[in-house]
Structures are given as structure tokens and as C-alpha cells.
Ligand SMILES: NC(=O)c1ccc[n+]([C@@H]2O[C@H](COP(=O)([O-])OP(=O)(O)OC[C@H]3O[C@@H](n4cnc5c(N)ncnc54)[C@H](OP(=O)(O)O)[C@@H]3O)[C@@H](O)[C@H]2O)c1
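Take a look at this single chain in C-alpha cells; it is the form predicted alone.
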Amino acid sequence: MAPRQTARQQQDRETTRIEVRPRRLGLLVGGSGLIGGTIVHYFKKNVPGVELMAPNSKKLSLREPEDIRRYCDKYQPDFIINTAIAAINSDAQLAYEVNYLGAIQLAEIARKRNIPFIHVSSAAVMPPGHDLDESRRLPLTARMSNYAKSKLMAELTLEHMGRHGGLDYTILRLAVVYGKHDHKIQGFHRLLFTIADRSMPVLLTSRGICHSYSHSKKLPPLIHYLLNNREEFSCQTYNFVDQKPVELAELILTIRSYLDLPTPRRIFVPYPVAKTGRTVIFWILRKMSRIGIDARLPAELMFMENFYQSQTLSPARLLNSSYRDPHAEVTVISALPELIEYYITRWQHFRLLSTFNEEFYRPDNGLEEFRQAPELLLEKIHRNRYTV
């Protein structure tokens, strides 16, 4: 017969049960993108007390409200992060259903469950200008691009749900995003690719045009902090950008210098000339499509006017909060060497660069010996105990 437990032993057991807490479960939508993928990696590596689910579009489609409801009923998340977006050149239906309706459906589930909702937005909702604070937004009109219109509507509805429905939300507004591990060539990475491929002979901008930049690696620690400090950050919008903006011409010429290329030359193309050139290219591409050749202009050229207009966002609100950026010293300029090494190596591997020096930034890992003298490489690896 087992001995009876003392009152102290019973109390210790109950205290132990109270202290053991279940892991928090989060839902991230948009995990296949640069921002979403970076957040998933951060939580997996640095936040052992949280499991972050990032279902693909086959398991949870923002265009299917029933998918969202069923998934959340099944897994009961403790918070939701939305980084999903339709491509910037998407048609009205896709932008509306993904960027707006999808975001609002996620927010409504968060509201009903009384859990935090973190929404990643875009500086596309803001006008051009310098040192723009969070209150500066474009007026909502039918003439806006589908992308900007849908992102702006999402922000406005989230604020309405916070005021009138009790939604616990935080909006993080990003500018030009840069970072590693982006499998798509878009935004900043399109600029880098264009220079590396020597497709930009001159500067498609004007002197003094500056933009703000957002580092994808800086975002996950902030989101982690926001989730643990809801009282301060609930129902707030923050510009999430590096502290100092960068002149576009300086960025382009710095990339050129790192790549040791002769182009683009320091010749500034006036906007009317650049706009005319874009119109001509669009006309040629339409003609080519009629004979069965599918050629498309990069989506970023839809927003060519942004190359000729400054847009810098004020980081003051976030800087004045209790959050401290652990990577505050990192900027798009200081990050260029590692970004160039990563992307040039990747694009060379997939043979995407047609004119670039194939030996640039190639690691000395025995590849040339593998090509030219495999027997010598094999002997060296065996001699070095299976290391190159």
C-alpha cells in the first residue's frame, strides 16, 4: 500500500503543475515570402516557447474564408501574423481578395478569439515626401494601383475594427525591403540584378532622390517583442525602417563599385525620357504577344515615378517606444557585401546572369578542380580527411 502524501508534498505537486505552461501556438500567413520566411526561421531558432505554424496556400488560402475558419478552429492559435501579399502587378480581383479581404478575415478571427493580430503593410499607402510619420496616408481613390488601394483599405478597416470591435492589432509599415533568402527577383533585389546583369546603362533617377529601407532580418525580433508587450503596442501603427534614408543614386553607384562594373554611368535620365522609353517597351511587348512571344516588363517599372520621387518614413514613433533594435547599425549600404555575395552566387548557380563575370564571389570550394581535375580533388579530400 502506497504511503500517504504529506500536505507539503501535495502542495509542491500542485505548484509544479501551475508553473508548467503549454507552448504558445502562432499562425503566420505568407511564410513562403522573404518577410514570412525570415519570421518563421527566427521563431524556430530563437523562441523555444512558441510554435509558429506557416501553412502553404494549399492548406490555407486567403481567398477561401472557409479555409481560414477551419484551420483556426482546428489549431486554436494564440496570435496571428499576416505577411501575405499578392504581387504588386496583380489584377484587381487578386489584390482585393488577398491583400484586403484575406487580411480582414484573419483579423476578424483574431477579434473573435481575443488574440493579437500583427499585420505587415506597405509604404505604398503613403505619399511621396520626407520624414513622413504614420498619420500620412494617400486619399483612397479608384485611380490608385490595385496594390496600394488594397493595402490602404486593409489599414483603414483594421483601425475601424480596433476602435469599434475591440481588435488587438499592430500594423507594421515597411518601405523598400532588403535581405537574404528571397527566391523572387523583385524590389531591391530587382535593382541589384539589373545592375549585375548590366541592363542599366545610365541612372534612371534624379539627384537627391532618397528612399527609406526595411531590413527583413530586423523585423522578427520586433514582432516577438510586440507579442510580449501588447499593452504598449496594441492598436498602433509603426513605420518600420532603417533610421537613415539612402539616396537612390548613391545606392546604385555603390553596388556598381562593389561589382567592379563600368555601368551604369553617372548620367541622370530625365523622367519624361524614361517614361517615354517605358511606353515604347510596353508597345513592343504587346506586339510580341500577338505572335505568341510571352515577354513581360518587370512589375517595378509600373512604379517608375517612384525612382524620381523621394519617400522617406519617420522612425520616431518606434524609436520613442520601449523597443530597442538589436541591429540598429545595419543599413542597406552596410549590408551590401553579404547581399551581393549571396545573390550573385545564387543567380550564377541558376544561370540567370548573362553578362556577369562567372568567377565573381565564387567560393573556393574545389569547384574548378571538380571540373578540370577531379582525380586531384579526390586525392586532396582524402588526404585532408574529407574536407576541401
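Start at 1 and count along the sequence shown; that's the residue number. It should be emphasised that the depicted structure is a prediction, and the values quoted were computed from it without experimental measurement.
Although not depicted, the form predicted in complex with the named molecule is the subject of the following passage.
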Pick from N56, T345, N46, S334: which has a non-hydrogen atom within 4.5 Å of the named molecule in the predicted complex? N56
Have a look at L158, V241, A84, A274 for me and say which one sits with a heavy atom within 4.5 Å of the named molecule in the predicted complex. A84
In the predicted complex, does every one of L27, P77 and I104 come within 4.5 Å of the named molecule, counting any heavy atom? no
Quick check on A154: any heavy atom within 4.5 Å of the named molecule in the predicted complex? no
Does R317 reach the named molecule in the predicted complex, with heavy atoms at most 4.5 Å apart? no
Although the named molecule is absent from this view, report whether H41 comes within 4.5 Å of it in the predicted complex, heavy atoms only. no
How about K184 - does it come within 4.5 Å of the named molecule in the predicted complex, if we only consider non-hydrogen atoms? yes
Thinking of the named molecule in the predicted complex, which stretch from 309-317, 259-267, 117-125, 245-253 has heavy atoms inside 4.5 Å of it? 117-125
Within 26-42, which residues come within 4.5 Å of the named molecule in the predicted complex, counting heavy atoms only? V29, G30, G31, S32, G33, L34, I35, G36
